[in-house]
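A lone chain, given as structure tokens: the form predicted alone.
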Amino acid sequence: MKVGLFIPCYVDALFPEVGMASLKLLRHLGVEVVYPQGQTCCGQPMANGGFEKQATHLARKFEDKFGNFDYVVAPSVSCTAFVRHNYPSLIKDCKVADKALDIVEFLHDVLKVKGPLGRFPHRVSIHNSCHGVRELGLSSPSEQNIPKFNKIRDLLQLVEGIDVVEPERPDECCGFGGLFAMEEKAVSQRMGCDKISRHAATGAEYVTGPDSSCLMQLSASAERLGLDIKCKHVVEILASGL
């Protein structure tokens, strides 16, 4: 099994520690993982802004870089969801859409990790990012009358010393939403403050989730409210102490 590691642009630019933790964790689990040189943005910001031509160009480049891997794994639910659900309408004979997995999906559904992972002796509140819940199925949507599940929780429970909790309204949006945070700044900020307040009410020391953009929003909201709670990507916690 050969895995191509896709590191989204905002992770590369702002949260390189998430990319390094992803590589560290996959190698620890014995995965043959490659980081293709010359990879770029998946095209999601362009498509969301209505610039389909620019997004199509990037999709073709992505296909060229990752088309020959068995899986394409990324520490980002929004980018993974874009590749999986939008690429088939942008490029013909798309190979990568069916191979694209968020790293939580890959660990939980493909590797079926069962053994101990790292050590993190802290109370941690799970943030269920919207793309992860409703496009990738990482957890059960609250609006559906189905048995509850959470793949993020399943993996976190393999970490020694951790105390995992979830906030009230566990899959409510944090208010980031990419362009939404710029076009509807006041609404976005209020949503972020409401969300981080619910996380803080659990008594958690950390908020974790599968998307750094959501965690960036929540971290800014915590600073805005003066809350003593930190944000850390789930991969960093799973790799902690390995």
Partner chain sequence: MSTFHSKSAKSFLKDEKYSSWHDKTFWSVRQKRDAMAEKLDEWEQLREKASRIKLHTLSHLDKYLEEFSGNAEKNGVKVHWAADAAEFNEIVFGILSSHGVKKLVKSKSMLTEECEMNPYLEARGIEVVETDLGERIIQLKGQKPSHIVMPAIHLNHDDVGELFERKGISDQPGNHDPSYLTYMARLSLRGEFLSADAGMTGANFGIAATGDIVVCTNEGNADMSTSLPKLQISAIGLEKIIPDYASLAVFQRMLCRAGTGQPSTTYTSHFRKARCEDGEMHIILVDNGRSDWLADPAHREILKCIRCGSCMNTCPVYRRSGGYSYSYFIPGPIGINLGMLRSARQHSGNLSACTLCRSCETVCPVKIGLAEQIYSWRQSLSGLGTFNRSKKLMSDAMSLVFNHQGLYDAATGAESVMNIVPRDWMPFGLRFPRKPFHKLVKEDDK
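Positions refer to the first chain, counted from 1. Computed from a predicted structure; not experimentally measured.
Heads up, the form predicted together with its partner chain isn't pictured, but that's what we're talking about next.
For this session: Among 94-102, 165-173, 151-159, 108-116, mark the stretch whose residues have heavy atoms within 4.5 Å of its partner chain in the predicted complex.
Result: Only one stretch qualifies here: 165-173.
Exercise. From the list Glu184, Asp64, Glu32, Asp70, which entry has a heavy atom within 4.5 Å of its partner chain in the predicted complex?
Worked result: Flagged contact: Glu184.
Exercise. Any of the heavy atoms of Phe180 lying within 4.5 Å of its partner chain in the predicted complex?
Worked result: Judged by the heavy-atom cut-off of 4.5 Å, Phe180 is in contact with its partner chain in the predicted complex.
Problem set entry | Contact test in the predicted complex: Arg134 vs its partner chain, heavy atoms, 4.5 Å | Flag for Arg134 set to yes.
Exercise. Can you check whether His28 is within 4.5 Å of its partner chain in the predicted complex, heavy atom basis?
Worked result: No, His28 sits far enough from its partner chain in the predicted complex that none of its heavy atoms falls within 4.5 Å.
For this session: May I ask you to state whether Phe82 is within 4.5 Å of its partner chain in the predicted complex, using heavy atom distances?
Result: Phe82 belongs to the contact set for its partner chain.
For this session: Would you mind checking 49-75 for residues with a heavy atom within 4.5 Å of its partner chain in the predicted complex?
Result: Residues within 4.5 Å: Gly49, Gly50, Phe51, Glu52, Gln54, His57, Leu58, Lys61.
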